[in-house]
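There is one chain below, alone, in structure tokens, taken in the form predicted on its own.
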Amino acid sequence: MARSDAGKLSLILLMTPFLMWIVLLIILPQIGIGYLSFQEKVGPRQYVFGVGNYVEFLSEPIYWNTLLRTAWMSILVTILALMIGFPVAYYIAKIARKRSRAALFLLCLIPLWVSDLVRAFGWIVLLRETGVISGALQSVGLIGGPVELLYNDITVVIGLVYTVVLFMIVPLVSTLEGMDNSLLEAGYNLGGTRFTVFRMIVVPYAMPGIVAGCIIVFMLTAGSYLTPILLGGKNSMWFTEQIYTQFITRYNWESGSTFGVLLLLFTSAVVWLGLRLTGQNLASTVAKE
């Protein structure tokens, strides 16, 4: 009986900080944001409950076009991160020696040692008109003068892929490490080519890790603010900038809350659609034991 009580007490003590974090920093703020999104301002400090903020959002093409553009760019970043991260994860999990796996994994963690702001300014140093790349191209005679490589969609995509690719590699490594090498040997013994073995064995086995990585990368990319703003400049057209503008610049918390709710709902719908198309579920991906 004493051991049972001690176990329950330990579980409560361990779970309390986590539950407080979930409730106080996620659930309650989301409820507050949702409530504000249904507040229509009719006068100074006078509000009525309604869906006017959502109607205003749908009536302004620039708002929902920016949301769709952010979603499309986030999907593109997710695809590129998967294409880059999968070979890296496969090499770490199945090809590299056990002694070198930890070192390789540590190299992947290096970008996280500095903040998003520092990483973004690092790209600015490289790509700006007087930056390293422009100077190097001029020194070898490939260009006749300084060239500005910043403030375009390609730069934003590169910066975002660099920022989130690690979050694609981690779940893939975790999944691929559990794959028995005998499965690959059996595939080759049955006459399969490398592409066939990859398509018929590796990809299906790694699908939970692929889906988990894509979910994490997509959500992080869609909710990113610093990288699109700093690397894309005034032409970034990122939805989080619209949210920032409503909250901070215009001090319109009702519209800002509406934009935040719509971003959450839209990205959740994209994730749900991805799960349906791949035949996966959250229990077999991000919640996999």
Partner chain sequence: MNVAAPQSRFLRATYSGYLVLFFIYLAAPLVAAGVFAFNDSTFSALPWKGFTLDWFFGTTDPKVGMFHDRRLLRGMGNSLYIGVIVAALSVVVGTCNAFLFERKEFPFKSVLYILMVLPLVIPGVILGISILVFASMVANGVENGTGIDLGFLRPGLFLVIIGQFSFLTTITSLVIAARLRKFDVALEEAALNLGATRVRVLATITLPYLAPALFSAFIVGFLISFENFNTTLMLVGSDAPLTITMYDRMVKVGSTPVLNAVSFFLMVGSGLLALISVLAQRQRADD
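Here, rigid core means the biggest group of C-alpha atoms that superpose within 1.5 Å across both forms. All figures in this text were calculated on a predicted structure; none of them were measured in a lab. Residue numbers count along the first chain shown, from 1.
Quick note: we don't show the form predicted in complex with its partner chain, though the next part is all about it.
- None of 82-90, 67-75, 203-211, 141-149 except one has non-hydrogen atoms within 4.5 angstroms of its partner chain in the predicted bound form; the exception is 82-90.
- Three-residue candidate spot 36, 229 and 263; every residue lies within 4.5 angstroms of its partner chain in the predicted bound form by at least one non-hydrogen atom.
- Although the partner is absent from this view, residue 22 contacts its partner chain in the predicted bound form, with a non-hydrogen atom inside 4.5 angstroms.
- Among heavy atoms of residue 42, none comes within 4.5 Å of its partner chain in the predicted bound form.
- Taking the partner from the other structure, its partner chain in the predicted bound form has a heavy atom within 4.5 Å of a heavy atom of residue 184.
- Under a 4.5 angstroms non-hydrogen atom cutoff, its partner chain in the predicted bound form has residue 95 among its neighbouring residues.
- For the stretch 27-56, the set of residues having any non-hydrogen atom within 4.5 angstroms of its partner chain in the predicted bound form comprises 27, 28, 29, 30, 32, 33, 35, 36, in sequence order.
- When two forms of a protein are overlaid on their rigid core, residues whose CA moves 2 Å or more are considered shifted, and residue 62 is not one of them between this form and the one not shown.
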